[in-house]
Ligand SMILES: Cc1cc2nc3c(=O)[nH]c(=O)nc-3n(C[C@H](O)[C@H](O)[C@H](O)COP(=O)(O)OP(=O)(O)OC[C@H]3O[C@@H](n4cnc5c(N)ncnc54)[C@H](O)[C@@H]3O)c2cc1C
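Shown below, as structure tokens, is a lone chain in the form predicted on its own; questions about how it binds or moves come after it.
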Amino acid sequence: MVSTRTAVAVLGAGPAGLTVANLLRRAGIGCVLLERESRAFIEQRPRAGFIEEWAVRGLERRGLGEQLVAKAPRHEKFEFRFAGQRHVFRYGDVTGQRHFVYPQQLLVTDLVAQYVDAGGEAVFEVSDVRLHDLTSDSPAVTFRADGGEHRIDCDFVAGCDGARGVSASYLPESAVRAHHDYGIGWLALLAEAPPSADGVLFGIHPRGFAAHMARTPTVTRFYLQTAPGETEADWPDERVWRELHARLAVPGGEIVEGKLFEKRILDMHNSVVEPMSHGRLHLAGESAHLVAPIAAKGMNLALHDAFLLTDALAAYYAGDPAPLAGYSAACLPLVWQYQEFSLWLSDIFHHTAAGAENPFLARVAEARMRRLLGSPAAAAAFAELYIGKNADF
């Protein structure tokens, strides 16, 4: 077994893990980054694409946002398409802030280059990752890579390896694992088609929710609400486009078609573990909390955790252990705020499709939509949660 030592072992090369690794390296704190996939794979994997302005500015202030700021289009409005009409919601006018449209794989590519190409230590395609002695002063991580066994002795483990990673499984049984299942799916689609609008479209329709989100000038992300138990095989291309036109198109606002090159059914569910720390293990991103893509909050929360965790680790090595001891408590208020907003927005998006089964919920959803569109106070409160204005990093 090959043994090494570092200050922090970082598991997972997503936005949270790469941000943590970059900031630790820049602070002169030793770290090793472990990732189960190849570098080429994570640089091509399509995921989230909307980053809130506070998160972008946080990356920029820390020297990690140059490419993002230079290249990413900005969005400051979206459309609700409801009852055959277009309702433009200009949240930028209300909050003064915008979304930056930057697909996660582009951010990951930037962060990998800034870390690895600058000499940061990373091991890709690892397997059989195990954590040891987390409640001691000398935890360790063992894993297999390049056909051999390896061990990293460290001070701390940053568990940033996602909902399917190993980190969260090392929390004790006493940890609270809260879960909510929406009981529906979303069909996630990528199309080789130019955007049909210069912003996000939310289609609220009796046949189910739909969404349009620009990714690049030639690629568009779409979502379609699906029934429980449906699979990708239930959605041939013809049906996909028929439903997108039905749920999103309005007079003067047609949907541009193109070749579909991704179809994935996503089960809509949220989860949170509390606390996000156990001994020398500290979770960040989807290892600790999963939020369905309903409100585009997942990558933003991952960056929020990464900022707090690296600040806390830097304080620890500077002689102040208090921020690290309070890391979980500092993260969770925003986590729960975004979970609540996702749940509230889901009620509007999905309950209009419940008209035949539950006309009460359908009418309540319509009432919420009317209040949101008709009340400046309601619009202001919604806009601040939608863009995350209160987060300052």
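Small disclaimer: the values here were computed from a predicted structure and weren't measured. We number the residues from 1 along the sequence you see.
What comes next is about the form predicted together with the ligand, which is not displayed.
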Open item on the list: Based on heavy atom distances of 4.5 Å or less, which listed stretch (360 to 368, 63 to 71, 41 to 49, 325 to 333) is in contact with the ligand in the predicted complex?
Closed with: 41 to 49
Open item on the list: Against the ligand in the predicted complex, would Leu309 count as a contact residue? Criterion: heavy atoms within 4.5 Å.
Closed with: no
Task: Contact test in the predicted complex: Arg221 vs the ligand, heavy atoms, 4.5 Å - done: yes
Task: the ligand contact at Asp347 in the predicted complex, heavy atom, 4.5 Å - done: no
Task: in the predicted complex, Ala9 touching the ligand (heavy atom, 4.5 Å) - done: no
- [ ] Identify which of Gly298, Pro139, Gly185, Gly199 has a heavy atom within 4.5 Å of the ligand in the predicted complex; exactly one of them does.
- [x] Gly298
Task: Residue among Val272, Val240, Ala145, Leu266 with a heavy atom within 4.5 Å of the ligand in the predicted complex - done: Leu266
Open item on the list: Only counting heavy atoms and a 4.5 Å limit, does any residue of 73 to 106 reach the ligand in the predicted complex, and if so which ones?
Closed with: Gln104
